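First, one chain by itself: the form predicted on its own, in structure tokens.
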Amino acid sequence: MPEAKYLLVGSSHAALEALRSIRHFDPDGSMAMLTRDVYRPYSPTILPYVVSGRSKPAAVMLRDEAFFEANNCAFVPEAVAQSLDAKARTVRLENGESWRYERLLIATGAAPAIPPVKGIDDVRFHVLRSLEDATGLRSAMGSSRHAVVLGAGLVGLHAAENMAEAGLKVSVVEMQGHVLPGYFDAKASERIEAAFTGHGVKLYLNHKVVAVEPRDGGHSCAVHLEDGKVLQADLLLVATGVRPVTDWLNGSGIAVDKGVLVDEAMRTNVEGVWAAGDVAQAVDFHTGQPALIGIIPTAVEQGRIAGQGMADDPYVKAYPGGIPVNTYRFFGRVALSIGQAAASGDVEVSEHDDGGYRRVVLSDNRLVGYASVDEPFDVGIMGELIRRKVDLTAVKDAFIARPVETGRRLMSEQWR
């Protein structure tokens, strides 16, 4: 039975950062990284560029073989975790092999969540979460004319943009009243929606899919909406969110809610087991409650803390809580959000004739959220203002008028 002092199950940003942190303090302990993927590590954020053809699959890898050799880490692809025996400290794979560990990191990420729509299992559909998904979607686009996308989140809109630019007729169906509802308010989303409709994409907002049925011998399908509309598609993409990959932990004793529950050191409730990244349900900075925040900065921070803890690094710091950060580029434009950008409260909105939009959300004169469209801002500065809960009372008017300049001045004074 193969074994490792440090066993990392998963290969994206959280696992890679944990590897780096472990090796910083323990350069020699045996280590292995297991991944269900067939490729070396890559970032899910690159997948839209693979779909569009701007990036070749072979050019998007985050690490090469030499990296794993230099870090004395066995990289094991196509290793799908099937179960965990926490008492025996072993992870069993679908191929029947088992790995023994001393310290385990759960970084299995998330997988597409397929909605319970009647007939969905009877038609061919695509998802976009892996490199194989991206290459498969790009291939399908070449022989398709009509695409329907279920979901107007980041994944769905990225794909819709790529398909529209490739010449397909694209329809997007979203249950909520505006696109990207988790990141932007309705006014910000209006600007994004206008860009899509301006490029020929049809948006069906406030619409629910109730059934899907195959047509043309399974080569196309009909998407039935709740109000009776029927959309025809020879390419169907399901982009209705993701769920943490935790099924393999059933019966292990690991506490799981929406994701794997962890404390401020990214430890699970079982000794010798940590979790980080999209699979981990850690504390939310704003609410103080366990939450899933599936973004790269959070995965990196959690991976670093987990790796330090696994290696007994005495300088490990407690996880301060996750703050959502999103950068969305569409049709040559950009939208950004941080914190509780879509929340209600003391809200200041600025709209410009050139289409620029800014939304500042305050609570007790402290910044809790910020969003903009076509008006880039300093995400690092705004993040520090939020995390430090800086009192803006004395400079509120200046901050509302010139948030970036005022924020930078405030933080320069804090850092002195």
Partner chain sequence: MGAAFDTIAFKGSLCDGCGDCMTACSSAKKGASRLSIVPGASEKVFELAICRQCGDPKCAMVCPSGALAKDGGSGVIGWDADKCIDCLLCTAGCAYGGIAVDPGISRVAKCDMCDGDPACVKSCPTGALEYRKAGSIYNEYGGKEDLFVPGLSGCLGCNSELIMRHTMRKIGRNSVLATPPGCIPGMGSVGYNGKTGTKVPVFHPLLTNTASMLAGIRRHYDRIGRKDIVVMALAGDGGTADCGFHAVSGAAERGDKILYICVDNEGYMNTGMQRSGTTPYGSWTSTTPVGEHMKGKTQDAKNLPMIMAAHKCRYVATASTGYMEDLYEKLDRAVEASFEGFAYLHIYSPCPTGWRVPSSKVIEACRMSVESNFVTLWEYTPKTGIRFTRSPDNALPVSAYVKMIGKYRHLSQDQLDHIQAKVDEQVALLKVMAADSPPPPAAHRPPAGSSTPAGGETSQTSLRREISRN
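Positions refer to the first chain, counted from 1. Only a predicted model underlies this, so the values are computations on that prediction, with no experimental measurement involved.
As for the form predicted together with its partner chain, it is not shown, yet the points below apply to it.
Asks: Identify which of Lys202, His199, Arg329, Arg145 has a heavy atom within 4.5 Å of its partner chain in the predicted complex; exactly one of them does.
Replies: Only one option qualifies, and that one is Arg329.
Asks: Taking 4.5 Å between heavy atoms as the contact cutoff, choose which of Val349, Val38, Ala70, Ala59 touches its partner chain in the predicted complex.
Replies: So the residue touching its partner chain in the predicted complex, by this definition, is Ala59.
Asks: Pick the stretch from 121-129, 73-81, 298-306, 220-228 whose residues have a heavy atom within 4.5 Å of its partner chain in the predicted complex.
Replies: After filtering at 4.5 Å, what remains is 298-306.
Asks: Indicate whether the candidate residues Val379, Glu384 and Arg409 are all in contact with its partner chain in the predicted complex, with contact defined as any heavy atom within 4.5 Å.
Replies: Yes, because Val379, Glu384 and Arg409 each have a heavy atom that approaches its partner chain to within 4.5 Å in the predicted complex.
Asks: Residue-level question: is Val334 within 4.5 Å of its partner chain in the predicted complex, judged on heavy atoms?
Replies: Answer yes; at least one heavy atom of Val334 falls within 4.5 Å of its partner chain in the predicted complex.
Asks: Residue-level contact is defined here as any heavy atom of the residue lying within 4.5 Å of its partner chain in the predicted complex; does Asp397 satisfy this criterion?
Replies: Contact with its partner chain, no.
Asks: Quick check on Arg54: any heavy atom within 4.5 Å of its partner chain in the predicted complex?
Replies: Yes - in the predicted complex, heavy atoms of Arg54 and its partner chain come within 4.5 Å of each other.
Asks: Is Ala195 a contact residue for its partner chain in the predicted complex, using a 4.5 Å heavy atom cut-off?
Replies: Heavy-atom contact with its partner chain at 4.5 Å: absent for Ala195.
Asks: Judged by heavy atom distances of 4.5 Å or less, which residues of 13-36 approach its partner chain in the predicted complex?
Replies: Going through 13-36 in order - heavy atoms within 4.5 Å of its partner chain in the predicted complex - the hits are His13, Glu17, Arg20.
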